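Before any questions on binding or motion, here is one chain by itself as structure tokens, the form predicted alone.
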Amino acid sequence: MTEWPATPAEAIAVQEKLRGLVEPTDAGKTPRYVAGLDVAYDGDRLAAAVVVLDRETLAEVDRAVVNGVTTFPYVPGLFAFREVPALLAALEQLTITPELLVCDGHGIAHPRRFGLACHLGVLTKLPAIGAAKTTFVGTHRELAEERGAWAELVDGGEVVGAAVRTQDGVKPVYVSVGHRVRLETAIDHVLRLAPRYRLPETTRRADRACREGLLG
């Protein structure tokens, strides 16, 4: 993108234009390097973090944190326009290119089927998934209590994601396709990345990194 939208109307037009580029199919081989992305705020100040882990060991292999200020208002459904510029800047500082982006937000589980994970995936051309703490759109049936249980998240008769139980008896994580990943593959990634806690390690480490970035 050569110009960043300045108004909600312009931002919605960008989403409508780009959503047709989302590829809900697997890109190929299983990724070795997976990145968690998150942004922390203090008023208008922000810190955007990308933390790259080895998918097999969950060891950190790279990270980048970018500080800045918000340039777009808070509007539900347009949150990507507050976060994507800083996250792209952080991705550019990495020395290891991740093969999967795990976003603290939604992919196609979005009113216009183009949430943060879709936006980052399309702009970077990298596989991307959303792993959110809460739903934005859609409903799902009751889940079994054990780790690995999941149910389709349905909005307007369309499957837009899944509610996934990552640990026995904890609240589910809401997984959706961002770009170049099937839903079933996205669920597998999230379960693999959440061996001990509710949230994937990618999300936990990126959350910590961006909060520390605000302090620094």
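Numbering starts at 1 and follows the sequence shown. Because the structure is predicted, anything quoted here is derived from the model rather than measured.
We do not show the form predicted together with the DNA, though everything after this point is about it.
Please determine whether residue 115 contacts the DNA in the model of the complex, using a 4.5 Å cut-off between heavy atoms.
Because a heavy atom of residue 115 falls inside 4.5 Å of the DNA in the model of the complex, the answer is yes.
Contact label in the model of the complex: residue 93 to the DNA, heavy atom within 4.5 Å
Answer no; every heavy atom of residue 93 is more than 4.5 Å from the DNA in the model of the complex.
Is residue 41 a contact residue for the DNA in the model of the complex, using a 4.5 Å heavy atom cut-off?
Yes, residue 41 is a contact residue.
Proximity of residue 85 to the DNA in the model of the complex, heavy atoms at 4.5 Å:
It does not: once the DNA is placed as it appears in the model of the complex, residue 85 has no heavy atom within 4.5 Å of it.
Tell me the stretch among 140 to 148, 70 to 78, 93 to 101, 120 to 128 that has any heavy atom within 4.5 angstroms of the DNA in the model of the complex.
After filtering at 4.5 Å, what remains is 70 to 78.
At a 4.5 angstroms cut-off on non-hydrogen atoms, which residues of 97 to 112 are near the DNA in the model of the complex? List them in order.
Heavy-atom contacts to the DNA in the model of the complex: 104, 105, 106, 110.
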